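Before any questions on binding or motion, here is one chain by itself as structure tokens, the form predicted on its own.
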Amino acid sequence: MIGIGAGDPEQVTVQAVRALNRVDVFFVLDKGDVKRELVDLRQEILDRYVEGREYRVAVGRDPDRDRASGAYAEAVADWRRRRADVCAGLIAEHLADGETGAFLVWGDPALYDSTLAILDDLRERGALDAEVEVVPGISSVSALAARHGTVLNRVGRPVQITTGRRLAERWPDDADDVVVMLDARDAFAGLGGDVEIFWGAYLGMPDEILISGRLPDVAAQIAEARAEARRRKGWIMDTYLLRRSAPAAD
């Protein structure tokens, strides 16, 4: 499991480069023509960093997820099971005994990514008998803070990472600094109060978009930029930090 950063090939760490050069087979889940750019960026990383070593790339079709289902947890669990089936087939077909295989994980494998859970599922099924090594990557959260030149938390205060789905329900308890990922519904638009937002889409990629300011002043601008980018590219990957006025630390 190799974390490859949020989009900029130069975010790939030295540890990741060393790991890339030990791999015999790279496994890729293709999300179709709309997100072909994500597959191409992975290949760019291999072309740039793998030196003097023959390797193979095994591609499987990433199954679609039922995003219309009202039973969110069940839909995700079903999607993960079908993803695990695809990964099991790729490993069985393409990885020989004694070889090293790798999944290139966008961002960091430990943050809102299902690949580790899939490999755990395969081991529980008895479909995978191998040592798993995880190489961390620069997450979109770290990239967001860096690109805006800010920090994620203030002195003596916590920061919480959550999803757009959860934010739409309510602001997290006991947190004035909130990082939001996987927001398919512009959850920020329904917030009131004295809140700043630091928003970024396609972080580290050539068409990166950054907007920041008081939420009441820029919410409509972000929503418009987000909708236009989705129309243009067919997909969007964005993250944002919300910061509301907090009491002074003790």
Ligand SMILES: C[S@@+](CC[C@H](N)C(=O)[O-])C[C@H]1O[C@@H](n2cnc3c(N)ncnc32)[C@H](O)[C@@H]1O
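Just so it is clear, the structure is predicted and the values come from calculations on it, not from any experiment. Just count from 1 along the sequence shown to find any residue number.
Here the subject shifts to the form predicted in complex with the ligand, a form of this protein not shown in this document.
Note on the partner interface in the predicted complex: the residue among Asp78, Asp113, Asp176, Asp121 having a heavy atom within 4.5 angstroms of the ligand is Asp113. Put simply, Ile45 is far from the ligand in the predicted complex: not one heavy atom of it is within 4.5 Å. Contact check for Met181: a non-hydrogen atom falls within 4.5 Å of the ligand in the predicted complex.
In the predicted complex, Tyr55 stays away from the ligand, with no heavy atom inside 4.5 Å. At the 4.5 Å threshold, heavy atoms of Tyr49 stay clear of the ligand in the predicted complex, well away from it. In plain terms, the part of the chain that comes close to the ligand in the predicted complex, with a heavy atom within 4.5 Å, is 103-111 out of 123-131, 166-174, 149-157, 103-111. Contacts between 199-238 and the ligand, taken as any heavy atom within 4.5 Å in the predicted complex, involve Gly200, Ala201, Tyr202, Leu203, Met205, Met237, Asp238.
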